[in-house]
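Listed next as structure tokens is one chain, alone, in the form predicted alone.
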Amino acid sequence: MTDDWESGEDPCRCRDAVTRAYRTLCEAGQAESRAYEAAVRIYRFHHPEAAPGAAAGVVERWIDAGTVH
């Protein structure tokens, strides 16, 4: 069984906050890398038990899922 943060499931529903922060910062002209770092920081605030690499992976999947190619 995996922890919720490893599977990408988010019981506290912080996904909206994470993706909104990323999108808003990008729309405001911030570099995507800075927006991504902020989004990971928000995710880790909500999930302090998540390892940095796992948190980054979850955030990357969420951001990619919201991108229209």
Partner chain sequence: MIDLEQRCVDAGLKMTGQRRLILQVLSEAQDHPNVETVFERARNIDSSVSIATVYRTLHLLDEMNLVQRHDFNENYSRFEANLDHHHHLIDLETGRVIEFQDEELEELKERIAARLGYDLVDHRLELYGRKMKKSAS
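Worth saying up front: this structure is predicted, and the values here are computed from it rather than measured. Numbering follows the first chain given and starts at 1.
Another form, the form predicted in complex with its partner chain, is not on view; read the next lines as being about it.
- At the 4.5 Å threshold, heavy atoms of R20 reach its partner chain in the predicted bound form.
- Looking at H46, you'd find a heavy atom of it within 4.5 angstroms of its partner chain in the predicted bound form.
- When its partner chain is considered in the predicted bound form, L25 lines it closely, a heavy atom lying within 4.5 Å.
- Applying a 4.5 Å heavy atom cutoff to its partner chain in the predicted bound form picks out A38, R41, I42, F45, H46 from 38-55, in order along the sequence.
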